[in-house]
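Quick setup: one chain, the form predicted alone, written in structure tokens, and binding and motion questions come after.
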């Protein structure tokens, strides 16, 4: 099997309308994202306001395509890049997700912009390390998100005399009590949320060091420890509402708020949805903890923007990237989206409730940082696609050995 690059994501159903909608001119700046949902849409709107203030004569073209985790958007983007019709800037996740774009030569080296704007000294050093490839920087981060979070309904726990589980086994054991009350222990949604859950189970069961080893090839997928962790994942699914999984992450969280589920594993974009869009109160209507087994670990992902080679409005794109990296841009965006700033010199007083708790852990030098599988930090797009495909089978048949074999083979076939 040949190595699959990001181009393999191109999907025919979304190509045609895009190829006829992207004629650019000097008075435009087209930004491509998958931010249309609650919180993320408002965050993007804040950046658009700042860009409009900086470039009042330029039309901002929002080319967002809906869908949590960006699967549809990434397929559409791949089609446009294949057709040499890039937007002026597109969203990507820091880490391995950008590697194929870099190797394929479709995004520009932004190291000069970093130097001229002084960003090397204000961005979080650990994040810069993940953005750097062969000494060059190819994207501008606008935020930091956390993936290893267990959201819960505190009233359900109190009424049933339950504590937040510290291990996945404890969460599974709570199902006996919760199921008697007609409450799902774990709420889950579409395929990408099942991948998101998988990474948090692997992290909790294996620990940070072995989890990292899964992605750099130093820990084998077919070892007994990994198979046992995958079997735990199957057991976790058995106490979820998998048979009636919600379409996306917002209705997944709604089940916590209507009292039909106790827990949900989701990134911290959930905070913006619950606090801002649903008007819920932190530590009253909802609360959050690290996913079982991951206290002291920060499973990160970061949204970043690129400058594609051949962008029609290059000057405007650089102005957009400057807005994204500014203190004003990062504070305006992240307080809406429920994420943390990539810069270390923003106004920390703006980050309250959950965000204050999370910011303290991100800046704590003792926190162990690992990267997210489901959100592009640790696996190249080709391998990640193969994992997602194999997971769809694994969720149905529960065959941990077959899944591990498929992922190990895909790693060999897709590694650079």
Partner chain sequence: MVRQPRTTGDEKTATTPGQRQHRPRTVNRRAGRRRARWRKTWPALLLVSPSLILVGIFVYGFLGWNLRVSVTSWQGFAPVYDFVGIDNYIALMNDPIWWRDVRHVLIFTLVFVIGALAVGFLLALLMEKGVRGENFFRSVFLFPMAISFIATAIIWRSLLDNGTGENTAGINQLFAYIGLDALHSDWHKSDSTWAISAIALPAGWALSGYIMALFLAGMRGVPDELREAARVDGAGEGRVFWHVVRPMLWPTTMAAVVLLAHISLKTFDLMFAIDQRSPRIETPALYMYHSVFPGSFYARGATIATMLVIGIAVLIIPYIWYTMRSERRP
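Residue numbers count along the first chain shown, from 1. What you see is a predicted model; the values in this text were computed from it and never measured.
From this point on, the text means the form predicted in complex with its partner chain, which you will not see here.
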*asked:* Is it the case in the model of the complex that 223, 285 and 405 each bring at least one heavy atom within 4.5 Å of its partner chain?
replied: no
*in the model of the complex, which of the stretches 27 to 35, 349 to 357, 40 to 48, 384 to 392 has residues with heavy atoms within 4.5 Å of its partner chain?*
384 to 392
*Any non-hydrogen atom of residue 101 within 4.5 angstroms of its partner chain in the model of the complex*: yes
*Does its partner chain get within 4.5 angstroms of any non-hydrogen atom of residue 247 in the model of the complex?*
yes
_Contact with its partner chain in the model of the complex for residue 260, defined as at least one heavy atom pair within 4.5 Å: yes or no?_
yes
*Considering only heavy atoms, tell me if residue 109 and its partner chain come within 4.5 Å of each other in the model of the complex.*
no
*One residue of 322, 212, 190, 278 in contact with its partner chain, assessed in the model of the complex (non-hydrogen atom, 4.5 angstroms)*: 190
_If the cut-off is 4.5 angstroms on heavy atoms, which of these, 85, 231, 71, 328, is the one near its partner chain in the model of the complex?_
71
